[in-house]
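The chain below stands alone and is given in structure tokens; this is the form predicted alone.
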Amino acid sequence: MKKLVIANFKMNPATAGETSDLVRSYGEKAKALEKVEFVAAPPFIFLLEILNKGLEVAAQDCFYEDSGAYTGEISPLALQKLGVQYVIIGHSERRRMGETDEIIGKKLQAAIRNGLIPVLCVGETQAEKEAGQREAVLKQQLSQALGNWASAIRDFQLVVAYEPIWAIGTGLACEPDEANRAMEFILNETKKIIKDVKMIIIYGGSVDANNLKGFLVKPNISGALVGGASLKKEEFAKILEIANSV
């Protein structure tokens, strides 16, 4: 199975030209690698720039309604019509801005309803980790996001990104064994909610070329959600090469 590597550019770069330069470089690299599925997640205004290059794209978020009077929101239906394949939902940075588990669940339903592959982000804070609450937090996030509705839906794909909040943008990546245990828990809990779910789990949180292989050799980790390192050409090229080698 190919390793899924998603480059989350967040609110970068500032121009279409810079975005085009990055994805052209990464796209050419990925096409030469047989064991990697590369997905770019640029700012919304540059989605078409990447789609026109024939690359797979993830939106960084979507709204939970297909249309209506919701100024500033992004329709999942419009994303699907544009040709977007994936959408990141519940990223820790969105949660920090006030996004609740209930809202994340509604967005997840909307993505699936419109044929998008959701990348559901879950993870605990430093305080929750130190209090021994990791599994309780993950269980709540998964149950709230998937609820009772998911078991009634068939044939949808799900990507879960385990991103311990304390590791994001801090340089403090989770230890691979620790991450693998958390992801095994995520897999088992998700299967309790959706018995026949088609899912993979990827790791996010200060991923770089130095630590990626340690994660990818673990049995429950099928890829990476890469943030800051995705904006560094040489670094991300190494990340793609490493993912292809595992």
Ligand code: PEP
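Numbering starts at 1 and follows the sequence shown. A quick note: this is a predicted structure, and the numbers were derived from the prediction, not measured.
What follows is about the form predicted together with the named molecule, which we do not show.
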*in the predicted bound form, which of the listed residues (Ile168, Ala110, Leu79, Cys174) lies with a heavy atom within 4.5 Å of the named molecule?*
Ile168
*Answer with one of Ala41, Val207, Cys62, Ile50: the residue that has a non-hydrogen atom within 4.5 Å of the named molecule in the predicted bound form.*
Val207
_Can you tell me if Pro13 lies within 4.5 angstroms of the named molecule in the predicted bound form, counting non-hydrogen atoms only?_
no
*asked:* I need the one stretch from 123 to 131, 159 to 167, 94 to 102, 137 to 145 whose residues put non-hydrogen atoms within 4.5 angstroms of the named molecule in the predicted bound form.
replied: 159 to 167
*Quick one: which residues from 205 to 241 get a non-hydrogen atom within 4.5 Å of the named molecule in the predicted bound form?*
Gly205, Ser206, Val207, Leu225, Val226, Gly227, Gly228
